[in-house]
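Presented as structure tokens, the chain that follows is alone, the form predicted alone.
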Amino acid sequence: MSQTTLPPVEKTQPVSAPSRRISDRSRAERKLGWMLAGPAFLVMLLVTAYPIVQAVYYSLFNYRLTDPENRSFTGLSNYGVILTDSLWWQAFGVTVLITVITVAVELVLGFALAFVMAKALRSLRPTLRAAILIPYAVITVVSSLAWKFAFDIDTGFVNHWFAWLPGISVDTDWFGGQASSLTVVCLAEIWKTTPFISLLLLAGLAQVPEVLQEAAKVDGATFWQRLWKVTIPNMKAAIMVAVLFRTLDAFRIFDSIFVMTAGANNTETVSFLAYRQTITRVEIGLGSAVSVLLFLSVVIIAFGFIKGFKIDLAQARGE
């Protein structure tokens, strides 16, 4: 049997991978985006840049509002006083605790609500989404007052309704200790802002190709296997945005603490500490230093999330 051979092929130089260039469509979209968001970005920059620069400037002085004539330059001494004071670290710890608990619970509940809204009947989706978003539409001060009155030992109904549970009686003072006070604060925050995370996660679920879900079902994957291997990897960008925005918002918590506890029973957060130093004690220098440290903490958190998730938003958008 004769053997056939292929004709000799002329050797060519290896072709290097083409460099990643921005397409004309992407360039046009980027230009349109700057045209639409540019004016708002400039206004926000002007509005926020001046207070930040002013806070940094005042933090370098020993400045009390009731005695402005004796203002003196102290450099970074205000930061040294704050970072060596146990009050700062206590407030920082309370802030981190509230942030971790609320964001973790809201992420789980947000996923559940997003799945419910995504799988609901088409005719029920508008009503269901509106009902879920009602708590987020309530002003934070109003919702905090409602939760405070509900758990108050004199005017509240929670003790009477749940007196059958262990550890709860009609005489339970929820705002009489640190743990119970923070529990109410966390519950109020979770009720208020879970719809925000669920809405962002719902947008992420819409980006998951249904073809991948069907292929995983054909391969015999269970619901949890599809969740961890298909759903979550394909909505990683939406999860990062939801968790990042909510973490930054939770770390700056002020309204609920101000309304419910006013910082009593060691429930003071960093934002409330800055308020108390600046407004109550009129220590402009120390209060500005606390505000600057809060701003730096928020920047570090945002940078850590972006680096930790390792999301290329350009690729996630399909460029």
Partner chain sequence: MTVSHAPSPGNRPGRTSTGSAPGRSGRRRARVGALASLVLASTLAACGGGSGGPPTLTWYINPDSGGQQEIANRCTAAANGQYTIEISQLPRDSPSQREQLVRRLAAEDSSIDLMSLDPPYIPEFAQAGFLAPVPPDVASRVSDGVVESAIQGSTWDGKLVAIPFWANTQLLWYRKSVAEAAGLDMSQPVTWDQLIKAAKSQHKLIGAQGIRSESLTVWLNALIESAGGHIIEKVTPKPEDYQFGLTSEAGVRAAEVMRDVANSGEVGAAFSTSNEDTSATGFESADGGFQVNWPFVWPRALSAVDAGTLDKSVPDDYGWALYPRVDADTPSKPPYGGINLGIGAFSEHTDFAFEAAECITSDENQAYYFETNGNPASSKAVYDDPAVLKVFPQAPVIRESLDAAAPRPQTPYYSEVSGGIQREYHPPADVDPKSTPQQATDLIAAVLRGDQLL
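Residue numbers count along the first chain shown, from 1. This one's a predicted model, so the numbers in the text were calculated from it and none came from an experiment.
Although it is not shown, the form predicted together with its partner chain is what the next lines describe.
- Residue contact check for residue 60: none of its heavy atoms lie within 4.5 Å of its partner chain in the model of the complex.
- The closest non-hydrogen atom of residue 279 lies within 4.5 Å of its partner chain in the model of the complex.
- Its partner chain in the model of the complex is not approached by residue 48, whose heavy atoms all lie more than 4.5 angstroms from it.
- Contact check for residue 111: no non-hydrogen atom falls within 4.5 Å of its partner chain in the model of the complex.
- Just one listed stretch, out of 191-199, 232-240, 74-82, 96-104, contacts its partner chain in the model of the complex at the 4.5 Å heavy atom level, and that stretch is 74-82.
- Checked against its partner chain in the model of the complex, the residues 215, 138, 208, 153 give one hit for a heavy atom within 4.5 Å, which is 153.
- Of all the residues from 169-186, those having a non-hydrogen atom no more than 4.5 Å from its partner chain in the model of the complex are 171, 173, 175, 176.
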